[in-house]
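Structure 1 and structure 2, given next as structure tokens, are two forms of the same protein chain, each shown alone.
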Structure 1
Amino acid sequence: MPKITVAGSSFDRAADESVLDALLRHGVAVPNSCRKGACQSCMMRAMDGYVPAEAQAGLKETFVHEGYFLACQCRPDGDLTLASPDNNAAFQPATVVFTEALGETVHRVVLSPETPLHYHAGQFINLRRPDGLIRSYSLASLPGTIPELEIHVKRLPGGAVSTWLCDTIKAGDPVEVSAPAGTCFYLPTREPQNMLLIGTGTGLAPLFSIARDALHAGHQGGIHLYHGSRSRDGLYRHHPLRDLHAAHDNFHYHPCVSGRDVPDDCIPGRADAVALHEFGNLAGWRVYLCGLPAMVHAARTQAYLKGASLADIHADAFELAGRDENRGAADEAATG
């Protein structure tokens, strides 16, 4: 049976068991969140032994070179010797600049990292609070304009990090943030390619960044953003998006409400269903999908069936961490 050695102690690992699951089973505390290889909060470093390539997918080249890997995705054939799982290499200090409520359950949190971060619109960071608990949040800020980072947090009942970010933290409080990660981001193109952006709940955060970044870069194609919620209050960036719609001929904002009492300025129905019904042919389009997995996976399939290339479909599923939030929190599930 293969062995994992960390801090001088060795533990057995079943052949089909990930390094993360094996260490947790033996009582070794390893930071983790999504367990899907997306958030990168379980990153560890191998000091000896072979790490399979799939366990390093999505990591920076420098991290790969230094032996870092994602414990939740690592199922090596042989033994591994690991450095202590403190994950400090991936984090730097940051300070809370301010917070504000954007609705009944969503807060905007602005952070100032000690060293400015380079990121693409649509990427996410991991945020670590002083007790070591980690969650992932997509960036809603516009790259290259200001050094501060903006995240949108939905308060969940019993959510350890979301309630802390929404109700407790204040300007000047310290946190830690990771380097930006994620492949669901915008890159400028000279082609006038149409873009379809669909998000529910706080899945709007990366799309808000992507849309503004595309406009800032002079994107010539049409940009259609569909934001869905069960109620009008869940459309927490309704007015800024309407202003963006009025200011740019090629940007189109489509607010969708799937619950009862749909306001006159909103479209009844789920955002993904409304968007994919309105466009019969998505060949040549870029598609961005952000929200809970049920919506993201269903919309990705439908976009592909409507002609979008798999290479042009960028999806960011917000996996949940137990009862808490991940990548900006649970939104209104598949009904948003």
Structure 2
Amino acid sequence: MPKITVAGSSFDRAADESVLDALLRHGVAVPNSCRKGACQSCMMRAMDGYVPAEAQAGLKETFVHEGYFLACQCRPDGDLTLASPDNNAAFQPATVVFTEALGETVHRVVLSPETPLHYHAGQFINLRRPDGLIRSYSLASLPGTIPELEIHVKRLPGGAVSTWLCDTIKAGDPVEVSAPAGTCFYLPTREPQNMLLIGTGTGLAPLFSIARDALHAGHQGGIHLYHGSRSRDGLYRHHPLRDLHAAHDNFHYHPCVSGRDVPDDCIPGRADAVALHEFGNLAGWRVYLCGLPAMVHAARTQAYLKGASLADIHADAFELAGRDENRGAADEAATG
């Protein structure tokens, strides 16, 4: 049976068990959240042994070189020796500046971190509640302008952290935030590349940042943002985005409503279906997909088959934390 050694103690691991599951089973406290390789909160460092490449997918090059990997995605053939999980290094204190309801289910939460974060538009942070629960939230703020961080939180019925962020916290409350993470981000290009941005629910948050950052950087080429929700109420940035559309020739906002009662200024249908139907050939396009995991995965294949190259498709699936059963139902609730 393969072994894992941490801080001088060795633990057995079943062949198909992830390093995270094995350590948790043995009572080793490892921070974690989505367990799908997305949130990076279970990042650990190998001191000895072979880490399979899939456990390092999506990590920054420097982290890869230093032997960091995602414990939830790591099923090595042999033994591993790990540095102790350091619960505090990656987090810093932040204060809630204010919260604001954007419609019935989405809240905008603005946080002030003790030390300003350097992040790319589209990245996310892990937020840690005083009781230790960790959840990921994408940054909707414009990087490099103000030190405050803005996140958009969708209230999920029965969701621990989202209901707390939407209903309980108030200005002045302490939280903790991680360093920015994720590879679904915008970098300026000199070529006039067209961009297709598709987001469902709070999947808009990173796209709201990317679109404004691109305009701010003088992006040449069209920027097409499709925001989808089941109802008009879920299009929680309708007016600011319409204003942005009016102000920039190359920015196009396409609000999509997949349920009934579609207002005149919205497009009926699912955002990904509407968007991918609109464009015949995506060769040379940069594509960003955020929100509902099922949408993200399906749209990714479609965008690729329509000619976008794999390297130009950036995706953030908002995987819910540790809910393997009833995943479908929870996903629906999460982003619909």
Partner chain sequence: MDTSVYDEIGGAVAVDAAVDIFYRKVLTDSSISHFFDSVDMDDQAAKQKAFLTMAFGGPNEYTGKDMRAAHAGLVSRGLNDSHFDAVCGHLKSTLEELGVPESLLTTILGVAESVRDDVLNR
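Everything quoted here is computed from the prediction, not taken from an experiment. Here, a residue number simply tells you its place in the sequence of structure 1, counted from 1. Take the two forms, superpose them, and find the largest set of C-alpha atoms that agree within 1.5 Å; that set is the rigid core.
Visitor: Return 1 or 2 according to which structure is the form predicted alone.
Guide: Answer 1, the form predicted alone.
Visitor: Quick check on L59: with the core superposed, does its CA move 2 angstroms or more between structures 1 and 2?
Guide: True for L59: a C-alpha shift of 2 Å or more.
Visitor: After a rigid core superposition, would you say the CA of V30 moves by 2 angstroms or more between structures 1 and 2, or not?
Guide: Yes; that C-alpha moves by at least 2 Å between structures 1 and 2.
Visitor: Has the Cα of M47 moved 2 Å or more between structures 1 and 2, judged after a core fit?
Guide: The answer is yes, as the C-alpha of M47 shifts between structures 1 and 2 by 2 Å or more after core alignment.
Visitor: Quote the shift of the Cα of G8 between structures 1 and 2 to one decimal place in Å, the two forms being superposed on the rigid core.
Guide: Its C-alpha shift, to one decimal, is 6.3 Å.
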